[in-house]
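Next up: a single chain in structure tokens, the form predicted alone.
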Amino acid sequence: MSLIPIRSGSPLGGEAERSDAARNRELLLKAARELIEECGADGLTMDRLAGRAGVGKGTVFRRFGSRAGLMMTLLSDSEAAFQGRFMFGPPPLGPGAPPLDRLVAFGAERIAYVLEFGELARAADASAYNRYDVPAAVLWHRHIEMLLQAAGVTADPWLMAMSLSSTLDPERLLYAVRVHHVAPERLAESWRELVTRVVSCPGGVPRPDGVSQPDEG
């Protein structure tokens, strides 16, 4: 299985064109990172980037397609590293650990990722037309779904994976940390408690007394 880029696409043309395109790409990404350092992700606009890099606005759009495309490109290296860890890395995040242990590790790692790259992740989510169809997001969802199935969850694991994924939303996590001053350790512990409870009643509906009962129908 190969890594799924957060944004697909590659430069076209001959070897010389690819070399020029690569230089222009790095110039634009360097300028984008500088602007984010100065004014935050929300302050990074295509106009500002074009002005900082000394190119036309059309060049920026041809390179990245949209503001969302720019944000996703800035995240691609860190996203590829994250994918590599949960797909091929050592357990418990990678293969070789029980499904529940991998679910717990996945959430903790994703929370740490968001806290490190949160501004870009939040901006990419806000800019994308449909952030749930981004290839990397589809991969996270599928990974959680497969771990749920491996753990014996039969109560609609696809929808359960979607519900669990929503708790790792960058906007939600950053709000909890920055506004409510929730410690990252509390976030990780809450995720551990949540997925443990989900896996503990894999095919039933929990009653108020905490005991699961079989689904009807």
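From a predicted model like this one, the values you see are computed outputs, not experimental measurements. Don't overthink the numbering: it's just position in the shown sequence, from 1.
What comes next is about the form predicted together with the DNA, which is not displayed.
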Among 38, 26, 185, 47, which has any heavy atom within 4.5 Å of the DNA in the predicted complex?
47
Which one of 66, 167, 190, 149 is close to the DNA in the predicted complex, taking close to mean a heavy atom within 4.5 Å?
66
Candidate stretches 55-63, 154-162, 29-37, 170-178, one within 4.5 Å of the DNA in the predicted complex by heavy atom:
55-63
In the predicted complex, is there a heavy atom of the DNA that lies within 4.5 Å of any heavy atom of residue 194, even though the partner is absent here?
no
Please tell me whether any heavy atom belonging to residue 19 falls inside 4.5 Å of a heavy atom of the DNA, as the geometry stands in the predicted complex.
yes
